[in-house]
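Heads up, the chain below is alone and in the form predicted alone; it's given as structure tokens.
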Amino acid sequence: MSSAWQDEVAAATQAGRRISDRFIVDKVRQAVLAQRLPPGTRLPEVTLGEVFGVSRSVVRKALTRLAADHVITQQPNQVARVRAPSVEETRETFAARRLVEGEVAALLAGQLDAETLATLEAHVDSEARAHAAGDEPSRIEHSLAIHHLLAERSPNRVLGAMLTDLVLRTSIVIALYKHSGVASCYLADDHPALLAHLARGEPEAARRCIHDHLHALERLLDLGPRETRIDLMAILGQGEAL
């Protein structure tokens, strides 16, 4: 992971491409979703600036975006940290997503056009192939794409915006707290079943499928305390340990 980050940042720098706060946001979020940055990890502005070769003002913009996306916590005069949601907040987040996404799925059942259904099917197939190949980052990307597409196509735009936020929040919680012995949170039958219910126009079945899917994911979590000390420079860049 560290080498890949270094190569990408170095390539961007050598090509004369300006590294933006959006670039930093994407990379930190990917590291959290891939479980490279555990809950509570400190994200000092100076270190991030050194890793990405940018000024502290660019880093501050990135941290502000990450805080708005619920990836980190940021308090005045304190170093930003990867969020560590409480057990209560985690349960509430899953409960909220079940309500919102269940309703969105029910509204979309039988209402999706052929192009959207084909796109969903492609993501479902790609997710399965990525899992079979052991490519967990790609599997996560396709899984998220399925749920984000449902949010984008929601006939109720308010529910769609809420779902977009909840998908990210629950995905981060899963990445942070899934049991250490679980290599992947892939549930092989869930997304194909959801797609079938949507295509056949079965709103209550689609709703139940979402509820069952999220209950199953929640059962994979380990919400006990864990070690949060980590060598940030080794994860995000090169140089001596903090």
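Take the two forms, find the largest set of C-alpha atoms that superpose within 1.5 Å, and that set is the rigid core. Note that residue numbering follows the sequence shown and begins at 1. This one's a predicted model, so the numbers in the text were calculated from it and none came from an experiment.
One more form of this protein should be noted, the form predicted together with a further copy of the same chain, which is absent from this view; the next part is about it.
**Student:** Any chance all of Lys61, Glu92 and Glu103 sit within 4.5 Å of a further copy of the same chain in the model of the complex, going by non-hydrogen atoms?
**Tutor:** Looking in the model of the complex, the three residues Lys61, Glu92 and Glu103 all sit within 4.5 Å of a further copy of the same chain (heavy atoms).
**Student:** Only one of these stretches, 145-153, 119-127, 132-140, 163-171, has heavy atoms within 4.5 Å of a further copy of the same chain in the model of the complex; which one is it?
**Tutor:** Selected range: 163-171.
**Student:** Given that a further copy of the same chain is not shown alongside this chain, does Val158 nevertheless sit within 4.5 Å of it in the model of the complex, heavy atom to heavy atom?
**Tutor:** Contact check for Val158: yes, within 4.5 Å of a further copy of the same chain in the model of the complex.
**Student:** Just to confirm, Leu187 within 4.5 Å of a further copy of the same chain in the model of the complex by heavy atoms?
**Tutor:** Outside the cut-off, so no.
**Student:** Heavy atom to heavy atom, is Arg36 within 4.5 Å of a further copy of the same chain in the model of the complex?
**Tutor:** Arg36: no contact with a further copy of the same chain in the model of the complex.
**Student:** Considering non-hydrogen atoms and a 4.5 Å limit, does a further copy of the same chain approach Leu112 in the model of the complex?
**Tutor:** Answer no; every heavy atom of Leu112 is more than 4.5 Å from a further copy of the same chain in the model of the complex.
**Student:** Check each of Arg65, Lys178, His213, Lys27 and return the one that places a heavy atom within 4.5 angstroms of a further copy of the same chain in the model of the complex.
**Tutor:** By the 4.5 Å heavy-atom cutoff, the listed residue in contact is Arg65.
**Student:** Once you line up the core, how about Arg56: does its CA shift reach 2 Å between the shown form and the other one?
**Tutor:** For Arg56, whose C-alpha is compared between the shown form and the other one after core superposition, the shift is 2 Å or more.
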